[in-house]
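Only one chain is included here, represented as structure tokens and corresponding to the form predicted on its own.
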């Protein structure tokens, strides 16, 4: 077997293993956000593993589908979960290795967009007034959010003179810090601004406060939940897992793309253990940050959502200007 074939096999195994790990950790991350948020509000909150119990319960129940629904309604949960899983496999969260085929951020973003597109279609396909409302709102949010995400990542890629590959961005950031003899380059103003713009997009894409409230079912305010009202049983479990995996993938890009501290550049067991511990610590910090934001800021009216994402776009442009200045 040639070296190129071995490299391809190794990359596929790394991607598959990482995808499984990230999808398995996704409910735990959201449980941590809910727990921290409850503590900040002086409540006990649900157990950390509550999402695992909810998903397991849904898989044991029967799926009920609306009579007007077509094959799109049945296919949307499968497509959504599959695209989120592949996106998790392609995101080099713990180990960044060149030439493994991992990490092209354009592929990751638009894989997630494909899953979202099918869920939007399913909300319309169910012929529910609330489903149509949620689908139209979610499509409007994506129109404003995705360009900001791509611009933020393009700023980092352009600054490091690398590609849109997250592995390349991580390796270039690490090499730059080593060359300068310090890690302060990872806290450069342009990088912080680009990360802030992308973090705002994460809140919008994952239906978090102030753009949406994942805990509400009030028909006048819900966006993501409105598209899922007609789902039940295993179909609802798959859609729920897909949304949680999407959240973890986007936060992994923040942790490993913008701040690649501790990312392993080899397959040595010690390096992988350290990288795993650092990655978990960064995810925990991001979870606490989301909980603080949701506890300090109220949900805004939907008509104000473009204003917030417009501010994020301005921050991303400011990051580009700061990159040229520094």
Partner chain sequence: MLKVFLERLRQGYRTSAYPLEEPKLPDRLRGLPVIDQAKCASGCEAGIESCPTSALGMKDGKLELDLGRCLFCGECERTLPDGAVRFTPDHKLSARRREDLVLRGQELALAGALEGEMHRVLGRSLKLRQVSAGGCNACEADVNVLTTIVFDLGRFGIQIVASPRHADGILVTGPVTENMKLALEKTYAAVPSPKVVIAVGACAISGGPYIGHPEVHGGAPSVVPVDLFIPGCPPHPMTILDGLLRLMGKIERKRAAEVVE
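Residue numbers count along the first chain shown, from 1. Predicted, not measured: the structure shown is a model, and the values here were computed from it.
Heads up, the form predicted together with its partner chain isn't pictured, but that's what we're talking about next.
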Among 25-33, 255-263, 61-69, 269-277, the stretch whose residues bring a heavy atom within 4.5 Å of its partner chain in the predicted bound form is 61-69
Determine whether any heavy atom of residue 285 comes within 4.5 Å of a heavy atom of its partner chain in the predicted bound form, and answer yes or no.
no
Query raised in the report: Do residue 40 and its partner chain share at least one heavy atom pair within 4.5 Å in the predicted bound form?
Result: yes
Is there any non-hydrogen atom of residue 202 lying within 4.5 Å of its partner chain in the predicted bound form?
no
message: Quick check on residue 198: any heavy atom within 4.5 Å of its partner chain in the predicted bound form?
response: no
Looking in the predicted bound form, the residues of 45-71 with a heavy atom no more than 4.5 Å from its partner chain, listed in order, are 45, 46, 47, 50, 53, 54, 57, 60, 61, 62, 64, 66
